[in-house]
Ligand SMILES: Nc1ncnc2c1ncn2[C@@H]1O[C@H](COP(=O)(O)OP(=O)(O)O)[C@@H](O)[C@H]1O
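Quick heads-up: it's one chain on its own, the form predicted alone, in structure tokens.
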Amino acid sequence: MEKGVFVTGCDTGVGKTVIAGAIAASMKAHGLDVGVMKPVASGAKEIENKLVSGDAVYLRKIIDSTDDDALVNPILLKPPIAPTIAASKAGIPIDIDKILKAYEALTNRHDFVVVEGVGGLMVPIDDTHFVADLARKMDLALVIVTGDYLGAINHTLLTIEYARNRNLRIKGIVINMLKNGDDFVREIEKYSSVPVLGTIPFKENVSVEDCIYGDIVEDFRREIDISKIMRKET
């Protein structure tokens, strides 16, 4: 079995957090001890005199995680912009070793860890590392989240091409907020040669900002075979 999975997106706003949370909750319902991680988060908000990442809060709450904030979200930045720019403005260096130590601690505590990246694979983390480098250093296969919007096929194929160039393993694609039906799914599979693990329709009763899950976990478990995410290819 895999030790975890790295959830990345082909664009902003495609629902990485929603899908990462659904994966984690589905694994927990399957009987696994699951941890979650948002290694780097910008756009932190102040709640009760404490800076928090809405994404990290959502991921923790959907599985009732008791792990420390510093493990789940080791790098927290307030400016709602790209991590390297946010870190520069905040005067907080992004320490890759700190991230990897937190990840190691989570893997020692849990059977399976769901890691949600920030933005896409080519988002810079520091002067020498991109999000793709985090996935590689963690030795995690990717679940690529895409949406149903104009340009999604291009963005998805570019993400897959880059992942392959970096020798990253790809579990498959989850198409979130699907509206247009089977033609879109067939085009993605045809040109990517990567399996579509499943599709999730647009859900009005799901909100990361408000920590509302609706029936996303039930939909995910019904539509997507999590054994394909859990199983380690030989």
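None of these values were measured; they are calculated from a predicted model. Sequential numbering from 1, following the sequence displayed.
What comes next is about the form predicted in complex with the ligand, which does not appear here.
K.L.:
Taking the shortest heavy atom distance, is residue 203 within 4.5 Å of the ligand in the predicted bound form?
P.N.:
Residue 203: yes, in contact with the ligand in the predicted bound form.
K.L.:
Residue 209: heavy atom within 4.5 Å of the ligand in the predicted bound form?
P.N.:
Yes - in the predicted bound form, heavy atoms of residue 209 and the ligand come within 4.5 Å of each other.
K.L.:
May I ask you to check whether residue 177 falls inside a 4.5 Å heavy atom distance of the ligand in the predicted bound form?
P.N.:
The answer is yes: residue 177 has a heavy atom within 4.5 Å of the ligand.
K.L.:
According to a 4.5 angstroms non-hydrogen atom cut-off, is residue 14 in contact with the ligand in the predicted bound form?
P.N.:
Close contact exists here: in the predicted bound form, residue 14 approaches the ligand to within 4.5 Å, heavy atoms only.
K.L.:
Looking at heavy atoms inside 4.5 Å, which stretch does the ligand contact in the predicted bound form, given the options 66-74, 195-203, 42-50, 23-31?
P.N.:
Looking at the other structure, the answer is 195-203.
K.L.:
Going by the ligand in the predicted bound form, which residues of 97-124 come within 4.5 Å of it through any heavy atom?
P.N.:
Stretch hits: a single one, 116.
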